[in-house]
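Just one chain follows, in the form predicted on its own, and it is written as structure tokens.
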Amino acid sequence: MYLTRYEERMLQGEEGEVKRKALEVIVKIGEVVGAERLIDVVHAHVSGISYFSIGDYGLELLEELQGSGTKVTVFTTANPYSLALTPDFCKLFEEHVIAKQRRIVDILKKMGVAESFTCTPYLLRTPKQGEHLAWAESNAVLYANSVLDAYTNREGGIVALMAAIVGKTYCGGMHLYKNRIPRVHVIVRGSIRSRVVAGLVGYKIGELVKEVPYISFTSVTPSDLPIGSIKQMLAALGTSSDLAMAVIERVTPNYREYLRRADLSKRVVINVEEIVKEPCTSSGDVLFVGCPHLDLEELKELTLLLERGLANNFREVWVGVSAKVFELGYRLGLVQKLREHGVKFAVNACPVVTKLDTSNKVEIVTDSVKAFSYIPRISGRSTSLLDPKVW
């Protein structure tokens, strides 16, 4: 791999031991994937910061980094943490769990990571078309590549952190235009009438397609889809596959150019009516929305739904948002209205990355196919999908 003189000096230790080791990690990965050089990144996003995800070993690594005075060198964001630090949920956890989760967050902040922890980092800083990133959250990676036409691989949390420290990553994978060209034409037939259906479509695409897909719709245009549908579709696509990008007709900014260069001799047809078979419900113990974290428009729409009676169908409503969206919602009075309907906010946090007490029989209902897939495995709660007619 070709390295500049500056990068060679970093490897020789002149830039500090931690930076040298961080760059070594990135160089080794680059060599494995055949990258020819390193590139600068403008935004890194770190995943795996829940104590339930990284445990004591992950915390020890962060403490070592902090002990050496390590700082990130580019704008850096991080995924949501566990519910252990949120006022509405912290009573569910033991003190040692709360303390260790707080320690993880405090270290990241001292390293220079933005204080709004979210799986939708593009709401904190929207990447420009063609910018190079080092992101480690699957739904955000797919959104960045597919909707914003920014360039990022689907990195591991540690690799993204190393990239944040040195401000560089390897020039391979989705950083190369040739690897972003779609290879399979996915034709979606039928009405995508809700966020839930969009998620089921994305999940099915991930099961069937292993190369960058070109997705087109026969019955709707993307602008006609319900709010947040593209986000839900991509989050589910990332749940069922290792894909980092999809070219979506009339959504991906450069879709015409991608289409012109594509060989779409392979075709996959998805009939919406055939995949909407999961048992769904419009009532239950807990309704959880916010996987991925809600944006302000979604928060507004949820407020209207609850005011129209949706809250009456559930004992509790949990909402996942970043601190930034929560603050904006508070200024507009949305948070206050939602609290009147008994909403509990997972600010900067997410139940999907939280191991919850399974001693009771509380079941969760969600509009997110990603959450529907992960919560039973990680959080230990029985989960159902929200009736598509609801949202």
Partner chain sequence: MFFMVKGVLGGDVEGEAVVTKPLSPLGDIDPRTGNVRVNSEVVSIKGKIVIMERMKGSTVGSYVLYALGRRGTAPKAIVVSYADPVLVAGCVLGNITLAYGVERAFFRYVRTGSRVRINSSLKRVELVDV
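Nothing here was measured: the structure is a model prediction, and the numbers come from that model. Residue numbers count along the first chain shown, from 1.
Unshown form predicted in complex with its partner chain; subsequent notes refer to it.
J.: Taking 4.5 angstroms as the heavy atom distance cut-off, pick the stretch from 362-370, 318-326, 47-55, 343-351 that is near its partner chain in the predicted bound form.
T.: Going through the listed ranges, the match is 47-55.
J.: Among Val141, Met162, Leu287, Leu83, which has any heavy atom within 4.5 Å of its partner chain in the predicted bound form?
T.: It is Met162.
J.: Considering non-hydrogen atoms and a 4.5 Å limit, which listed residue (Val105, Cys90, Ile270, Ile158) is close to its partner chain in the predicted bound form?
T.: Flagged contact: Ile158.
J.: For this chain shown on its own, do Val220, Asp224 and Lys266 all sit within 4.5 Å of its partner chain in the predicted bound form, going by heavy atoms?
T.: Not a single residue of the candidate spot has a heavy atom within 4.5 Å of its partner chain in the predicted bound form.
J.: Does its partner chain get within 4.5 angstroms of any non-hydrogen atom of Ile29 in the predicted bound form?
T.: Looking in the predicted bound form, residue contacts with its partner chain include Ile29, since a heavy atom lies within 4.5 Å.
J.: Using heavy atoms and a 4.5 Å limit, would one call Leu61 a contact residue for its partner chain in the predicted bound form?
T.: Contact check for Leu61: yes, within 4.5 Å of its partner chain in the predicted bound form.
J.: Just checking whether Met10 would be counted as a contact of its partner chain in the predicted bound form - the rule being heavy atoms within 4.5 angstroms.
T.: Looking in the predicted bound form, residue contacts with its partner chain do not include Met10, since no heavy atom lies within 4.5 Å.
J.: Quick check on Ile378: any heavy atom within 4.5 Å of its partner chain in the predicted bound form?
T.: Result no; Ile378 lies far from its partner chain in the predicted bound form.
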